[in-house]
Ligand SMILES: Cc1cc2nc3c(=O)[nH]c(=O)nc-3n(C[C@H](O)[C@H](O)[C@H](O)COP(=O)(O)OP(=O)(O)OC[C@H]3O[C@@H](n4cnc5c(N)ncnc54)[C@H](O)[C@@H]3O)c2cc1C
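Just one chain is shown here, as structure tokens, and it is the form predicted on its own.
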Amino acid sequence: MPIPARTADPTLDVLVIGAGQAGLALGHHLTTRGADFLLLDAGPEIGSSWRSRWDSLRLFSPAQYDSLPGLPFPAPADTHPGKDEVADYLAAYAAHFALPVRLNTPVVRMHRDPDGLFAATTPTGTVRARQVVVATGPFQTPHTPALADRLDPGVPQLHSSAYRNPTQLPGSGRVLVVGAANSGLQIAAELGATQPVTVAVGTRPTELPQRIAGRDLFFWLTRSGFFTVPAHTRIARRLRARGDLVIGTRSRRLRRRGIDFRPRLTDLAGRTATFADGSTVDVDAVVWATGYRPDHSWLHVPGVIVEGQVRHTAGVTDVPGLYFLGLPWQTCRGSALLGFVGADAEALAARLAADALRGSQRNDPGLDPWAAATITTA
């Protein structure tokens, strides 16, 4: 995708790291505000993280709840888009708004210069900016527990991030799926159609049907304000403690189909899995649906990552000019979801503009904030 011509000043107003749904939504709002910005993404194409998910993946949210700001999702209402449709939409979104995206460009290190500018080192050079937004999303490093090393080397195993379809696993024999959230249960349901499956359940999340009283679940959740519950409230803390909702795939139905459910996996030895109740089962393959961990090892800015977690308030860190977008529960339950991240993106764009204007030390409200920042810092 061509990058618009730059001004004489090589320093960007805003650098956005990550061109997924959060970064693209922010890019739209930055465009409307006239910022000189760039989105960097490690992937080979926009939407590549969606294309790399398993083949049968479909969104829980109907198409009318899947739009980013300014461009409706191109699918009929009450249909549930597949992962390639989402990837196509994100690519079309970037093209529609002519967003400046540089692909195949991971940030391997970012630090702050003595003059206060942020310097992002990439394999092709260093990009400098006055403000930086980290929009790399919640799915960064696949997590596999250490006991995976104890599995017999002859038993195939893979993380759910690498799972595509049942042909990757032995066509017969028992598959152990570790994890009973959305990914784990969906993969178990798919595998269970052709071979025996055992699901190890660590924490049992709340399961809800896709439709209630003739309407999609998202209609009721949106109407009740579920996705906009502020992150700092008591009810939000209770919701976070309960974990993610499992939508559409019910363990009760999977049991009726013959899928075996066991409690938390406690040990692996050779081909034998042991569970918290002392029961065992021999397995012929393992799928680890055990989630992801954040990876900010490239971020060399003190005071931002504390005990592995981002220290922020609504995406604003204590470091002037450094922000985050698309974090789970950044401001509310919908902060990391495709059709709901736009509200956070709009609010953060306004905050970036306000901070740029304050930094410019100009008091004329008629001035464009980033134009004012350029005038005073160029």
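We number the residues from 1 along the sequence you see. As the structure is a computational prediction, the values presented were derived from the model and not from experiment.
One more form of this protein, predicted in complex with the named molecule, exists but is not displayed; see below.
> Can you work out which of A336, A63, A347, V310 has a heavy atom no more than 4.5 Å from the named molecule in the predicted bound form?
Residue within 4.5 Å of the partner: A336.
> Out of G202, P138, P196, G291, which one falls within 4.5 Å of the named molecule in the predicted bound form, going by heavy atoms?
Spelling it out, the residue with a heavy atom inside the cut-off is P138.
> How about V14 - does it come within 4.5 Å of the named molecule in the predicted bound form, if we only consider non-hydrogen atoms?
Residue-level check for V14: no, no contact with the named molecule.
> So in the predicted bound form, is the named molecule close enough to P142 to count as touching (4.5 Å, heavy atoms)?
Residue-level check for P142: no, no contact with the named molecule.
> Within a 4.5 Å heavy atom cut-off, is G173 in contact with the named molecule in the predicted bound form?
Residue-level check for G173: no, no contact with the named molecule.
> Please tell me whether any heavy atom belonging to P106 falls inside 4.5 Å of a heavy atom of the named molecule, as the geometry stands in the predicted bound form.
P106: yes, in contact with the named molecule in the predicted bound form.
> Does the trio H159, G179 and T274 actually contact the named molecule in the predicted bound form, every residue with a heavy atom within 4.5 Å?
No: no residue has a heavy atom within 4.5 Å of the partner.
> Looking at 128-136, 111-119, 233-241, 151-159, which one sits within 4.5 Å of the named molecule in the predicted bound form if you count heavy atoms only?
Going by heavy atoms within 4.5 Å, the stretch is 128-136.
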